[in-house]
Structure formats: structure tokens, C-alpha cells
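Read the single chain below, which is given as C-alpha cells and is the form predicted on its own.
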């Protein structure tokens, strides 16, 4: 008989339902992309070469780094190190801003070249998937900013840190989605 107590999921249970729903939506989009790519291999391979892989890699690095800072923030609040929690959240937000700037420049480059959702099937998927993710980054940053301000106001400590864990869980989902999206759209041919 297992006497070890199972550890609950971090954060509020409702966020896990939301995360599951979001992952299902992204999963369906990724499957649709993969199936369509398999039917239009040459078109996808041709247009994929015009994506900025360096910016995509930079964005991957920024999101992974931001998740590191979010982990540090969660660990800090569990030790009553409020300022370190605030600093970690602030650094994560800074990385998120870097992601948004880089992605905005990438979108701007495509739009100035006349690329739209209607350009072709590949760009329809590229713009839809990356913009949908972009909006999730913005929502994640709003959540992290709200947590930062609450932490700064003293709302969290080693006993009450569910809000920090909840926001961190959402942010990690955003990061995970990009880690799948980047190679799927930018790299795999």
C-alpha cells in the first residue's frame, strides 16, 4: 500500500481545465497544419524557407528564459522572498516583451512584403498559428503583471502563493506551445 501522499497540481485547479482546453485547441491546429503540410509538401517547403529562423530561435530562447525566471519567482515566494519573486516576474515580463517585439518585427516584415492570410495555405497557417500564440503571450504577460503587482503589495507569501503558481502554470503552457510551434512551422520540412 502506497502511503506517500500525492502532490496536487500547482496553482488553482480551474487553470488546469483552461490549460487543457487551450492545449486541445492548439493540438487540433497543429494536427490540421501537419495533415495539410503532408498534402502540400512542396508548397510548404518552398515558403517555409522565407521564414526568419533566427528570430524564431531567439523567441524560443526568450520564452525558455522567461520560464526560468517564472520558476525562480515561484521558488522565491515559497521562501517568503517577495522581492526576488517580483524580480523574477519582472525579468520574465521583460523576456515576454522581447518576444513580442521580435514577433511584431517578423509580422511587419511579412505584411510589408504583401503576405496575408489569403496569400496561400502555408502563410494562412503560419500567420494564424503564430498570431494565435502571440495573443496567448499577451494574455500571459497580463497575468504575470497582475501577479507581480499583487506580490509587490504583499498578497503572497510562503503560505499563500497559489496565485503565483497559477500564473506560472499558464505561462509554462504558453512556452510549451511555442516549443512545439517553432520546429513544426519553422524547421521541420
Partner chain sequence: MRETFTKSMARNIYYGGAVFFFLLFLALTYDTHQVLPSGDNHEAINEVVALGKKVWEENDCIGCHTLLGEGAYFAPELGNVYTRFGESTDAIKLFIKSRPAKGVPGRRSMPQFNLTDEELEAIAQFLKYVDGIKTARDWPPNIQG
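Residue numbers count along the first chain shown, from 1. Quick caveat, the model's predicted, so the values are computed rather than measured.
What comes next is about the form predicted in complex with its partner chain, which is not displayed.
The shortest heavy atom separation between residue 117 and its partner chain in the predicted complex is within 4.5 Å. Contact annotation: residue 46 falls outside 4.5 Å of its partner chain in the predicted complex, judged by heavy atom distances. The closest heavy atom approach of residue 155 to its partner chain in the predicted complex falls outside 4.5 Å.
The shortest heavy atom separation between residue 149 and its partner chain in the predicted complex exceeds 4.5 Å.
Residues from 112-139 that approach its partner chain in the predicted complex with a non-hydrogen atom closer than or equal to 4.5 Å are 116, 117, 118, 131, 132, 135, 136, 139, in the order they occur in the chain.
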